[in-house]
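Read the single chain below, which is given as structure tokens and is the form predicted alone.
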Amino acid sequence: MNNYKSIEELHEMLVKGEITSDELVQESLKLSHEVQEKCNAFVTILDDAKGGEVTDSLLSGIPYGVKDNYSTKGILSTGSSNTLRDYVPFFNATAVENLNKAGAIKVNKTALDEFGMGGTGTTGHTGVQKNPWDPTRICAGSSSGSAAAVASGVYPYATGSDTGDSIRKPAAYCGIVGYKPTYGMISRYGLFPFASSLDTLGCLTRNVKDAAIVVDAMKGIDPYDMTSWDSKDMHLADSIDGNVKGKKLCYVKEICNIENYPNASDELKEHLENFHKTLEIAKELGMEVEEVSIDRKLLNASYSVYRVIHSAEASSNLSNLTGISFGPRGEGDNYIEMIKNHRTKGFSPLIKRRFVIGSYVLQKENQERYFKNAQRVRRLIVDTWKDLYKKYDAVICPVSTGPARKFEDLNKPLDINTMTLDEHLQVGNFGGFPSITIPNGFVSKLPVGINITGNCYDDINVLNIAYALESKMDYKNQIAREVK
């Protein structure tokens, strides 16, 4: 399959005339329908998509997928929610507009957890997304459809959004690369807001260089997003050279060492063994690797801090979904009944719980105890990581507790002992740090990953470290193959 290749390989084939853009698009559409049957990865497949002109832009003429919480002009954009099941925007998200200018060809809108609020790929209005390696397991979320599609080879990349780990964890579970750049590098204009201080746009690819190429095209300052910043002098892809000799990495022993998990499963043991083998690869590349210690109370607080802040911001951001201005009209004798009917019927139980929590912690009598305290602890966590970056180029840790969980295990109680390992990627959103996940092996024949997170605006360093590690492992450009 041609779309199994990297962006640079496809661009070279297009330039040489070995394949046409139309042929790539038609192949991608055919694969989209096959993956839809297997994984339920899409909200919309654009069967009328056509190839485009091939220019000097590496993305020109190459198909890709757009997460369905990006606004796309004239194309259904639902956020995987019943409240917007018929919504067709009249404008493009800035990131989509930038990809259009680069000549990229969108061929589908990928499914997600409703409005990005979830980590399982099970709460969207079109149903659950299944992992292409094992359909009995989750992709994680919220960029579940994008992860399943890229891992299945539908195209070389898809867009994603990341509020807590929504690009990076699905990438790990599906054996691909997930890159969340520094907060504000890519404009949030046209992204359906979830938690504005955490939301970051990015991409999912099958190799690190492709991730840099895609974000180079997506990024840029935008007058419609006051949190965006000027990165025109930062050339991500061109700056990657794999030279990491003398770079300094650290890992957090409270997260990464097996002695912290007295009841560790065999999968967790193998996952952490894989991680420590990857550290040896880093040393072979000339990097220094050191163990650091962080107060366990602070690490354990991350989960609660994230839940309070994102619920508060979500309840505010999505208060416009009333069923009056847009969306399916609610029923009732007055506007209050109509809004109640619309929101009760339109949102999944998970979303409603988060709105309740968000409204509660924002109440005047509760703000000091919950919301403001969460903000204070967020600052303590960010300052702790900032202190690490004074000495180290990046923090490296395993992603989650092992391979993707089975759907049947989702209702099991959370294990307090492993919660920090499962949730630590949220630190990247607390601080707006650039963060990338790459595959580093298999556990139970299923892919697992590691994460590299660096200081704000140090994206090139983070990408280069990931690129160097990737070059010494055998998991670049993986295509999912169902485990038997």
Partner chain sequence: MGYITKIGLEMHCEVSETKTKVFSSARNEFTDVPNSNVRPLDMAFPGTLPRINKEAVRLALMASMILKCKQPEYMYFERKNYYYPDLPKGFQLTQETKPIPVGIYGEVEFEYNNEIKKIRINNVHLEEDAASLDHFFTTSNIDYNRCGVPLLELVTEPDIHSADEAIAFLEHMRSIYRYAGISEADSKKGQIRCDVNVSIMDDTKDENDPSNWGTKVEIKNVNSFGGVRDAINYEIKRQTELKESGKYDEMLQQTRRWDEESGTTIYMRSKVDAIDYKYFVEPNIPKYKISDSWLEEIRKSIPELALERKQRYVSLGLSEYDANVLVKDKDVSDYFDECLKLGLDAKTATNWVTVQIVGELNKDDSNIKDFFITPSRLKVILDNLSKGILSSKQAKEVFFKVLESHKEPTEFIDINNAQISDAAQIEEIIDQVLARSEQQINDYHNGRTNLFDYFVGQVMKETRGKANPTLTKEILNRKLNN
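Note that the structure is predicted; figures quoted are calculated from it, not measured. Positions refer to the first chain, counted from 1.
There is another form of the same protein, the form predicted in complex with the partner chain; it is not shown, and what comes next is about it.
With the partner chain omitted here, the record of contacts in the predicted bound form names 79-87 of 141-149, 79-87, 247-255, 122-130, defined by a heavy atom within 4.5 Å.
The listed set 106, 137, 209, 188 contains one residue whose heavy atoms approach the partner chain in the predicted bound form to within 4.5 Å, identified as 188. With the partner omitted from this view, the residue of 193, 153, 346, 184 that lies near the partner chain in the predicted bound form is 193 [heavy atom within 4.5 Å].
Interface residue remark: residue 225 is counted as part of the site for the partner chain in the predicted bound form, having a heavy atom within 4.5 Å. In the predicted bound form, the partner chain sits beyond 4.5 Å of every heavy atom of residue 98. Although the partner is absent here, residue 363 is a contact residue: one of its heavy atoms lies within 4.5 angstroms of the partner chain in the predicted bound form. Remark: residue 261 does not count among the residues lining the partner chain in the predicted bound form, judged by a heavy atom distance of 4.5 Å or less.
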